[in-house]
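For reference, the chain that follows is the form predicted on its own, supplied as structure tokens.
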Amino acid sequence: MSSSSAAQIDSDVSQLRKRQAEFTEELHGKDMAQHTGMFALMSKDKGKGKEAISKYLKHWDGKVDKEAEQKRLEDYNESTHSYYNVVTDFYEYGWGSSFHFCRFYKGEPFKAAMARHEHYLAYKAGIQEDDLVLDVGCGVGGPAREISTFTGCNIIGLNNNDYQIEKAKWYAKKSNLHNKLDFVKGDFMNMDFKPNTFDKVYAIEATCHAPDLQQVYSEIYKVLKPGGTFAVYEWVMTENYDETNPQHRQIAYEIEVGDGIPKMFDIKTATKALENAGFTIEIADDLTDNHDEIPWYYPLTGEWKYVQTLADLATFFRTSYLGRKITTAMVGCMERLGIAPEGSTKVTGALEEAAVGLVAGGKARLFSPMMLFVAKKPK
């Protein structure tokens, strides 16, 4: 690549990030980090909120053909940025500050299960005190705060959404972890870090937003020190998935549309992508493939028999089928009154579609949100 071409790309990236940052501030306001859940939804600039929703949903028109898929893949950066501008408040309202699934044990509270899932990844990655660790697709920093507290490591969270970055920094300061954590804007398909920077890298249900798994894994390989470890909970379609089966493809599409994913890949694709990036895979374990008495998708089911503690009732109610319907009705009322941005009910509809697809994919063992890969960069 010529120096002039490289300079033009750098300029384009700089302009994109500037535009996204300005839009985020106009949408959420200068004190955006301090608002959460439904209150944050109500505090949005309504015109910008409508625009953000339109940007997110423009590629999701029910089409699953290759042309529609290609458009989503090409627009992954803007689409993902818009998606999290729109859904972050709903995630925090229903799920808390760690946006992922986990396994559940009998008698284990929801928050304890989520924390254990994060601790397990840190343990498998071999994260040590004072390691410099990269969190790829860090969300609002829930896992980073938990893993840093658990291990004593230093973490840099990478995120392409300005809203989530500001919230992650605010939470870190509120938790007195701002000296151990930092959160930066960036594209995981083209990282700005110098090669061989990090002792360890992890990703929790984030690299599924990549349009090309080999590319994102190669970028992780580049910034990881020789001998370092990359651990990931990857979203994958399992070996039972048949892309030519219309029912299977519909389930995958429901997951894609409600979770802002350009294309769901299968386990074989993810495995090959890691190997082609240069990694040596030490662990490849689908944590959903264990016939747990309490399924990983239980918070979405509406089946009260799975609730473990009284403290979980409020969380389960918000995430359950009935709770989601009530939330949709509430958001619809807010939208009609002009309190929530126009199109907000379309977002809750997309999230509902995702929930249906996730449960169906889980029950049929077509989908896993926790395919654990632990891979080494050779010395």
Ligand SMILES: C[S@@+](CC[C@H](N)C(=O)[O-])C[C@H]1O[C@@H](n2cnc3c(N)ncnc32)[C@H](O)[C@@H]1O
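Fair warning: this is a prediction, and the values are worked out from it, not measured in the lab. The first residue of the sequence shown is number 1, and the count goes up from there.
Missing here is the form predicted in complex with the ligand; even so, the following discussion is about that form.
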The ligand contact in the predicted bound form: N161, any heavy atom under 4.5 Å: yes
Residue contact check: Y84 to the ligand in the predicted bound form, 4.5 Å heavy atom: yes
Distance check, S97 to the ligand in the predicted bound form, heavy atom within 4.5 Å: yes
H209 within 4.5 Å of the ligand in the predicted bound form, heavy atoms: yes
Option from 303-311, 175-183, 98-106, 242-250 whose residues, in the predicted bound form, bring a heavy atom within 4.5 Å of the ligand: 98-106
Joint contact, Y76, G139 and D187 to the ligand in the predicted bound form, by non-hydrogen atom at 4.5 Å: yes
Residue (of E166, E205, E254, D199) lying close to the ligand in the predicted bound form, criterion heavy atoms within 4.5 Å: E205
